[in-house]
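Next up: just one chain, as C-alpha cells, the form predicted on its own.
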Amino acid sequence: MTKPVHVLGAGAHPWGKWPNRSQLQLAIDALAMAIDDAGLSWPEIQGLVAASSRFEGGMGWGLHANEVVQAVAEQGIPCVNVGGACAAGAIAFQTAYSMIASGQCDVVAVLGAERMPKGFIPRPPGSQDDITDSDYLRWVAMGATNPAYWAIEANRRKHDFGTTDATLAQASVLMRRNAAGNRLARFRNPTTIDEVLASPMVSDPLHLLEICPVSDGAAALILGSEQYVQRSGKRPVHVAGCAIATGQFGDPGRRIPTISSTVRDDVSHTSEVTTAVQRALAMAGMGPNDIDILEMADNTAWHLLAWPELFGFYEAGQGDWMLNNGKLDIGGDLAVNPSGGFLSFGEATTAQAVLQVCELTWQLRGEAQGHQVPDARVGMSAVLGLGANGGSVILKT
C-alpha cells in the first residue's frame, strides 16, 4: 500500500534572461526557497531528483542533482537525474513521488533549472550529424523550427473549426492579463488583439506574441510524507494523482522532430499528454469537472484552444467559445494558466513542469497574490516534452 504524499514547499527564481547568474546558482536559489517554504533545513532532505538540463548540462552533462549537492550539502543522499526535455520536470516529480509513496524516503526535493540559448531552440550542443537522428533530419530535410510544427496544427484548427486569427490572438491576451499580477513572470505588460496581430509573423498563422519565447528559470518542490505536513504551518496540499506517459503509434499530432507519421483513427492527438492526464485523473478518482485550475504547456496560442478539448473538459471546437466568453479566465468555469503560462514566462525547458506544480501549490494555499483563483481546491498540470514525453500532476487541498 502506498503512503500519502504531500507538497511541503515550493520555490522559484523569476523567469527572464540572467546572463550573470549561472544555472547552478539559479537552481540553488530556487531550492533554498522551497526548503525554507517547507519549514525544513538541508540536513532533513533525504533525496534529490533533478530534471537534467538539456542545454547547460550540469556536471558530466546531466548530473544536475549531483552538482547541486556537491555545491551545498554533501550528506550521502541519493541523487537522481532524469531526462525528458520539456516534460523532464514532470518525470522528476513522478520519481520523487514514488520514492516517498514506496516508503523509501520521507522528504525528497524536486528541481529543474535551465539557461536557454537565444532564438529558436536549436539542436542540443554536441549533437552528431547522423541521418538516423530525426532531429538532425528535420533540420536538413525541412529546416523546420518548432513554430513550424505548431503552425501546421493552428492552420488545421482554422480549417476544422473556423478558428479566427482574432481568437488565436485573444489566447495571448488572456495569458498576459493573467501574468500582470504574477511577480515571477517575465512578460507582465497587458496586450491587445491588435497588438498581437501586429507583431511579426513567425510561421503563418502564428505571430511573435502567439509563441512562447525562451527564458532562464528555476523551480523546486519539497515532497514529503504525512509526518512532515504540519512543519511548514501552510495549508496542506496533497498529491492526488501523478502520471507520465509516452506517445502511441498512430498519433495524428505533428510531433517534433519527426517529419512523417502514420495516423490511426483510434489514437488521441498528443497521446503522450492525454494518456498522462487520463492516468492522473484515474489515480485521483476524478474527472475533468472536478478540476478548478489547469496549468498546461502553452507553447503557442493554439495549445490553449486545443489541449483542454483533448483532455475532455469540453467538446472539440468549443475552446474558441470558452475563451471568447471569459470561461477560461481567473474566476471562470476553468481557470487556464492563471500564472500567465509559457507565453508570459518563456520556456526554460527542464524547469517548466516544476514551475507548473509550484503555481498549483500556491493557488491551492491561497498564496497566488495578484492572480489568485477564488476558492480553488483542485489543480492539474499538463506538459509535453521532446521524444513523445508527457506528464500530469493533480493536487488537492
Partner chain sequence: MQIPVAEGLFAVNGAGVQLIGTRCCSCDTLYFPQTPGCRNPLCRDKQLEQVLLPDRGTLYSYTVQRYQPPALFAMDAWSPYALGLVDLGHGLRVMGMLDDVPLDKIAIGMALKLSLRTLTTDENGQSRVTYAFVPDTTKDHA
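Just so we're on the same page, rigid core means the largest C-alpha set that superposes within 1.5 Å between forms. Just so it is clear, the model here is predicted, and its values are computed rather than measured. Positions refer to the first chain, counted from 1.
Heads up, the form predicted together with its partner chain isn't pictured, but that's what we're talking about next.
Partner contacts here mean any heavy atom within 4.5 Å of its partner chain in the model of the complex, and among 308 to 316, 278 to 286, 212 to 220, 147 to 155 they occur only in 147 to 155. Contact annotation: of the candidates 262, 75, 230, 189, the single residue with a non-hydrogen atom within 4.5 angstroms of its partner chain in the model of the complex is 262.
Site annotation in the model of the complex: the residue of 71, 198, 141, 79 reaching within 4.5 Å of its partner chain with a heavy atom is 141.
Within this chain, residue 254 lines the site of its partner chain in the model of the complex, having a heavy atom no more than 4.5 Å away. Taking the partner from the other structure, its partner chain in the model of the complex has a heavy atom within 4.5 Å of a heavy atom of residue 258. When contacts are judged by a 4.5 Å heavy atom cut-off, residue 118 does not count as touching its partner chain in the model of the complex. Within this chain, residue 290 is remote from the site of its partner chain in the model of the complex, having no heavy atom within 4.5 Å. Applying a 4.5 Å heavy atom cutoff to its partner chain in the model of the complex picks out 201, 202, 203, 204 from 174 to 207, in order along the sequence. Core-superposed comparison between the shown form and the other one: the C-alpha position of residue 74 differs by less than 2 Å.
Relative to the superposed core, residue 131 undergoes a C-alpha shift of no less than 2 Å between the shown form and the other one.
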